[in-house]
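A lone chain, given as structure tokens: the form predicted on its own.
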């Protein structure tokens, strides 16, 4: 049959068995935007599943109105929803299905920071015997910045499983307060400053976008405790990496464990401030959700959104730009001018 769905190659090979079994017909396509757009036109594809690479132009002209741009993941700041809406394209993501993997990766970074695993590994592998002293997590304070589904599960594991004191930062204190104790969150704040003042570890779980751009900046980094660690498994744009480098070099921060970066693959914003050169930094290549289990669930969820679009069941989709429905003449959407 004529394939209807293109899947960018890195995402296709994360769950090939799911895509190969899809009755809509899926084929791997390039992830680079110009080549992707050309493949869509050449193969007359109707929908596409994409990863985290930014898509700014040709993609939105290549797909036909009513087509789906399905994000293989949760973060969607790499998609231009305005351009998609103008082109009559539906944008979706895959919420919830990768939570467990990201939670586990966050905890792995937390353990690595506390026990200085990056240094222990490097020195032992080099033939040295330097049993550096670490710290126990029990009794330490963890600040969760962003108390959504992932942040709450990290809080639960840290408080109930590790005996940590957990505080949360959220814009929705009144809504979360009734259930905060259920997740082991002892105190909720609607601002960062009081949480940073008490935290030994700070874990970021907020979405990307203009509202959180450089949320952790030079001023905020001055409010960290000198031995505190910053952990980021959310979006790279949330942290000012130049300011972070300066804070680490000047000894105003204990360390940083990062899975996401402003430029990916990682490239320092300032060549003179390369986080890879610092001993108190742990870096992983945006792999928090990259497990076999989560990849299968993301593939299934992305394809489910496309199947729902084909069936006209828009209300059941994980739709990111609901206003597109009005442009497509479907109920449940808002006028683009509303």
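Residue numbers count along the first chain shown, from 1. Note that this is a predicted model, so its numbers are computed, not measured.
Unshown form predicted together with 2-keto-D-gluconic acid (8YV); subsequent notes refer to it.
The partner is absent here; in the predicted bound form, the one residue of 254, 268, 75, 134 having a heavy atom within 4.5 Å of 2-keto-D-gluconic acid (8YV) is 75. Interface residue among 286, 43, 301, 273 relative to 2-keto-D-gluconic acid (8YV) in the predicted bound form, by the heavy atom within 4.5 Å criterion: 286. Contact between residue 28 and 2-keto-D-gluconic acid (8YV) in the predicted bound form is not found at the 4.5 Å heavy atom cutoff. Though the partner is left out of this view, residue 216 does not reach within 4.5 Å of 2-keto-D-gluconic acid (8YV) in the predicted bound form, counting heavy atoms only. When 2-keto-D-gluconic acid (8YV) is considered in the predicted bound form, residue 98 lines it closely, a heavy atom lying within 4.5 Å. Residue contact check for residue 105: none of its heavy atoms lie within 4.5 Å of 2-keto-D-gluconic acid (8YV) in the predicted bound form.
The candidate stretches are 276-284, 59-67, 301-309, 44-52, and the one lying within 4.5 Å of 2-keto-D-gluconic acid (8YV) in the predicted bound form by heavy atoms is 44-52. Taking 2-keto-D-gluconic acid (8YV) as positioned in the predicted bound form, the only residue of 208-239 that brings a heavy atom within 4.5 Å of it is 235.
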